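One chain comes next, on its own, written out as structure tokens in the form predicted alone.
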């Protein structure tokens, strides 16, 4: 229910992702690429009735919690991939990310820390561009000793090459997903660092919580499952797999949820949604 393909920053094509999921014995998968639904059609065509493909997206947002900006990812499931509102906002996010990366590279050049923007795009591998890709390019060019050092000296908030990003709020992401006929799930809440983000999202119609996740320990997964039930949310889970060769990520099928989770999400779709899934 949480897979990335080459449509964003995964290492397997949508068709290869389907085959890997079938080999892993899964009965259904969610294609949830970052800020794009471009991989859904290929995955569904490749599945050919052998496995259920849930159309999805992972929208990157930011929220201010305790006076600090936190990255918050919202998963949209069962969305209408042709929704004009969804397509327009995802395009806006991708363009804003590209322009931000370009401006950071330009700032580095004024600091006599030139890196190739073409190389940054190669490192991103066709996925959404971000500061980690620029940091990797800096390390390759001998301009920083590590990705962490690149952030500490140049790319972090308030540092010489920092550029503000286009901010979409998680509340707006929930509304956008609903407008596209889908259901909204808060991804890996344990990575956000503050559960205070959950209640405001529930207030605008959050549908589920990704309680089961590779980096959630057993106790943390139980706590989020209980928190989801307390708020009347669907308890979901996912591997966040990016394919073989992607550092630090679980494999496809490492985290599984019962088939009924898809049905529990489906009944929460907006009443006016009329999408084929």
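Between two forms, the rigid core is the largest collection of C-alphas that superpose within 1.5 Å. Residue numbers count along the first chain shown, from 1. Predicted model, so just to flag it, every value in this text is computed and none were measured.
Same protein, other form: the form predicted together with a small molecule, not shown, and the subject of what follows.
Q. Does residue 70 reach the small molecule in the model of the complex if we count a contact as any heavy atom within 4.5 Å?
A. Although the small molecule is absent here, residue 70 would stay clear of it in the model of the complex, with no heavy atoms inside 4.5 Å.
**Q.** Heavy atom of residue 151 within 4.5 Å of the small molecule in the model of the complex
**A.** So residue 151 counts as contacting the small molecule.
Q.
Is residue 264 near the small molecule? Define near as a heavy atom within 4.5 Å, in the model of the complex.
A. Close contact is absent here: in the model of the complex, residue 264 is far from the small molecule, nothing within 4.5 Å, heavy atoms only.
Q.
Taking the small molecule as it sits in the model of the complex, is residue 181 near enough to touch it, meaning that at least one heavy atom pair lies within 4.5 angstroms?
A. Judged by the heavy-atom cut-off of 4.5 Å, residue 181 is well away from the small molecule in the model of the complex.
Q | One stretch from 22-30, 37-45, 204-212, 245-253 that, in the model of the complex, holds residues within 4.5 Å of the small molecule by heavy atom | A | Residues of 245-253 come within 4.5 Å of the partner.
Q.
Going by heavy atom distances of 4.5 angstroms or less, which of 198, 147, 192, 161 would be at the interface with the small molecule in the model of the complex?
A. Partner contact (heavy atom, 4.5 Å) among the options: 147.
(Q) Please determine whether the C-alpha atom of residue 186 is displaced by 2 Å or more between the shown form and the other one following superposition on the rigid core. (A) No, shifts by less than 2 Å.
Q) Taking the rigid core as the reference frame, is the Cα of residue 95 displaced by 2 Å or more between the shown form and the other one? A) Shift of 2 Å or more: no.
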